[in-house]
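As structure tokens, one chain now follows by itself in the form predicted on its own.
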Amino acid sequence: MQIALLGGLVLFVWWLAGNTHENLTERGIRTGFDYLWRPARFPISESILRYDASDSFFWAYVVGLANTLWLSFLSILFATLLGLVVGLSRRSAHPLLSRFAGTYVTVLRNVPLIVQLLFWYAIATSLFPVPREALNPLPGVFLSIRGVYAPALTLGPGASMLLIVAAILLVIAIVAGFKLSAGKRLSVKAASVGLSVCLWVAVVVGLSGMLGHPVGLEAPALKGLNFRGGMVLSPEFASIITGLTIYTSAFIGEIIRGGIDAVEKGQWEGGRALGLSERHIMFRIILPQALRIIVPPMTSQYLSTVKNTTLAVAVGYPELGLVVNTVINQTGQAIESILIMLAVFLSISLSVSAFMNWYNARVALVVR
């Protein structure tokens, strides 16, 4: 019976594909993926990969995918950190902090994400001042109607070798700090790690001086009508990353709060009986146990965040969805473009699920 159903499904898909191809051919619409290697001839306003209008449609898809992955990674990272603060604030004994966190969660969860994105985009493009009157909240950071400007890392000759050596030395310093303080109190362990990191900074600064300072920071400076140098985040990127982070953190905060509340009260009482402080009980007893409850719903939230990045098209950020729309308008090959986008998001979702399932298996209780 199952084999017959599978065979019927295959025949239906075969008939549907053939019928679609025949109808498109009658209307003079080209099909196939040979267009991928033709020049795209359209600009992409910003990307983390180098792109030119003379590049192929295939590379345009890759650039859009890179923007989607970059946006997803930053949103998930910032939302998780902010969500942890929100979740802990919801359980705070301080009534003002607890109620503020509760209001934050209630408001953000009940306002559609697209409305929030448009709200942040309106702020970024209308309330921020012109470059000559840019806000300067931190040294080297400027907020203006043309985007957010911040210091950028500059790499000179020998920078690659210095960064590789610095990364290896940092790992060695942290591992050595933990090894030397094994079995000691938390304060001693933190002091050992801190001393190792200070030693690492001194060695890296010394190496940098020996190599002629190949790594530096370039701060943006106002020249003429706009800033020059440094790193710039467009108003579109700033609004989408702000909206996604704040919206997702409200859901993650509730997931973390629920996971903490699900841990038995006896665990708190046991920690207090041992003389541990509330902070030590939370981070050394409660949170490790709550992770087993938090990880499964957190996986669903991460998948939703990746899919929500497609709403960036509303503010004009060139993620994969916007690139696909532009390619469809340029070539008219909608079916191929939609199939590519479906395959990409399916692959991303399966990859995120596989990683979170692997992590969930590591923190789950082992039952014999």
Partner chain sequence: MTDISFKIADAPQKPPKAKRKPLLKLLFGDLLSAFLTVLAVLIIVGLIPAFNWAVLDAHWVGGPAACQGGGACWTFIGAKARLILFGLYPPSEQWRATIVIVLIVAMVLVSLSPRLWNARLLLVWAVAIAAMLVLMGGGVLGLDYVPTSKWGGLPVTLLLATLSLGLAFPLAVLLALGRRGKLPVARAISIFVIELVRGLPLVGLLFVAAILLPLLLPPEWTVDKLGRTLAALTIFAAAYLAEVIRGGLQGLDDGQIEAAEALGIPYWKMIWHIVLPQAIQNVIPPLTNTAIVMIKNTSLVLIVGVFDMLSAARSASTDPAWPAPSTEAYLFVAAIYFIICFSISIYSRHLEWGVAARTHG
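Numbering follows the first chain given and starts at 1. Just so it is clear, the model here is predicted, and its values are computed rather than measured. The term rigid core refers to the most C-alpha atoms you can superpose between the two forms while keeping them within 1.5 Å.
There is another form of this protein, the form predicted in complex with its partner chain, and it is not shown here; the text below is about that form.
Student: For the spot marked by V107, F119 and G321, is every residue within 4.5 Å of its partner chain in the predicted bound form through some heavy atom?
Tutor: Checking in the predicted bound form: V107, F119 and G321 are all within 4.5 Å of its partner chain.
Student: What stretch, of 238 to 246, 90 to 98, 163 to 171, 70 to 78, brings heavy atoms to within 4.5 Å of its partner chain in the predicted bound form?
Tutor: Looking at the other structure, the answer is 90 to 98.
Student: Going by a heavy atom distance of 4.5 Å, is T310 a contact of its partner chain in the predicted bound form?
Tutor: Contact check for T310: yes, within 4.5 Å of its partner chain in the predicted bound form.
Student: Taking the shortest heavy atom distance, is W15 within 4.5 Å of its partner chain in the predicted bound form?
Tutor: Within the cut-off, so yes.
Student: At 4.5 Å between heavy atoms, is L24 in contact with its partner chain in the predicted bound form?
Tutor: L24 belongs to the contact set for its partner chain.
Student: Would you check, heavy atoms only and a 4.5 Å threshold, whether K179 touches its partner chain in the predicted bound form?
Tutor: Contact with its partner chain, no.
Student: What residues in 273 to 294 sit within 4.5 Å of its partner chain in the predicted bound form, counting heavy atoms only?
Tutor: The stretch touches the partner through E278, R279.
Student: For H280, state whether the C-alpha moves by 2 Å or more between the shown form and the other one after rigid core superposition.
Tutor: Passes the 2 Å threshold, so yes.
Student: Spell out whether the Cα of F355 moves at least 2 Å between the shown form and the other one when the two forms are superposed on their rigid core.
Tutor: No, shifts by less than 2 Å.
Student: If the two forms are fitted on the core, does V10 show a Cα displacement reaching 2 angstroms between the shown form and the other one?
Tutor: Where the cores coincide, V10 still shows a C-alpha shift between the shown form and the other one that is 2 Å or more.
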